[in-house]
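First, one chain by itself: the form predicted alone, in structure tokens.
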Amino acid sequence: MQHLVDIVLLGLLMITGFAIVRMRSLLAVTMLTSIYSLFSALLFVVLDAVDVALTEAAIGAGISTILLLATVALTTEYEKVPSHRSLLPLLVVTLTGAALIYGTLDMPHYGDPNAPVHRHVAPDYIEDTPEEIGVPNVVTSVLASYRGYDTLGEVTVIFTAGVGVLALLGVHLRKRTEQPSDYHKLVVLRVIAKLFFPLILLFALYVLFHGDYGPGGGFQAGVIFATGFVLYALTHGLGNAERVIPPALLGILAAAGVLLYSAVGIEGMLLGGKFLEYNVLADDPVSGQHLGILLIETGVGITVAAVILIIYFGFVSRRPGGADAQDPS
């Protein structure tokens, strides 16, 4: 049964990917890309990678779809007919695919317990996490503690992406115009959004604080938190969303998350430990690990949420009419 589910999901991914290649409508490609991300998230769940599935569903099927739709609104709905033949690109893709398939021939079988990935540091992480870190979720202990340097680098890259978007696009603030004539059509959506908005933010906090014990953490919580404000902007207008959380504040929050992460590491050094060594943050080393992981995960969530909103505001505010075109009030 398990193999049948894997084959069905893989088949759906292949069909969706082929449809994406054949489509000329960019709007249809955007929606198919969202479906592809959803199938990928389901495949990750089947593979017991729930943390990755949560991120893929939130970013791939959620935020990325909205950004792609905003991009289509800025460009055109249909792909231009290529002026050159596709034989050379087809040849390159075929050779690359053949090389990748050839490279997988020496890989260990799926689920092989003797695979190098299962006999290197993974056993140490699994065996030592309960005693050294005290966090039931091994994924969180690896990303936030054992590989804290790597995660700090990832957060810095995300912050740099936000700075790049601000430098290239900026956020164009405009005054609101009069209420559009189709305002009454948005009443139901606005009411539903108001009901879901606090629940989304509450769920984001749950994912953040529950990351030590189950799937979740700062990355997932940040994306979910940003999704709530994106929903608010879609139903209440970009201008109203910018009043709730001003774009100028987003830049400060994006930097604050990275600074909080770094400050936790520096605090460990001031207390006599190493950079990002959480054991010295409390009298009990395990309590110090919990405190340090919670603080750096909070920093990650703040930066991720702020950068996603920076990117969203930067793209959507450049649409014809900008905030005026979306603001229903």
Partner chain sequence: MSTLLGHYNYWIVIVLMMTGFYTVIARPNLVKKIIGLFIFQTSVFILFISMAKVEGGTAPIIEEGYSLYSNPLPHVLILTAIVVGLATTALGLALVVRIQEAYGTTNEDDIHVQDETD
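Treat the numbers as computed from the prediction; the structure is a model and nothing was measured. Residue numbers count along the first chain shown, from 1.
There is another form of this protein, the form predicted in complex with the partner chain, and it is not shown here; the text below is about that form.
> Verify the flagged residues 10, 17 and 59 against the partner chain in the model of the complex: is each one within 4.5 Å by a non-hydrogen atom?
Yes: 10, 17 and 59 each sit within 4.5 Å of the partner chain in the model of the complex.
> Within a 4.5 Å heavy atom cut-off, is residue 191 in contact with the partner chain in the model of the complex?
Although the partner chain is absent here, residue 191 would stay clear of it in the model of the complex, with no heavy atoms inside 4.5 Å.
> Wondering, does residue 52 line up within 4.5 Å of the partner chain in the model of the complex on heavy atoms?
Residue 52: yes, in contact with the partner chain in the model of the complex.
> Does residue 286 reach the partner chain in the model of the complex, with heavy atoms at most 4.5 Å apart?
Heavy-atom contact with the partner chain at 4.5 Å: absent for residue 286.
> Does at least one non-hydrogen atom of residue 158 fall within 4.5 angstroms of the partner chain in the model of the complex?
Residue 158: contacts the partner chain in the model of the complex.
> In sequence order, which positions of 218-233 have a non-hydrogen atom within 4.5 Å of the partner chain in the model of the complex?
The stretch 218-233, when checked against the partner chain in the model of the complex, contributes 219, 220 at the 4.5 Å heavy-atom cut-off.
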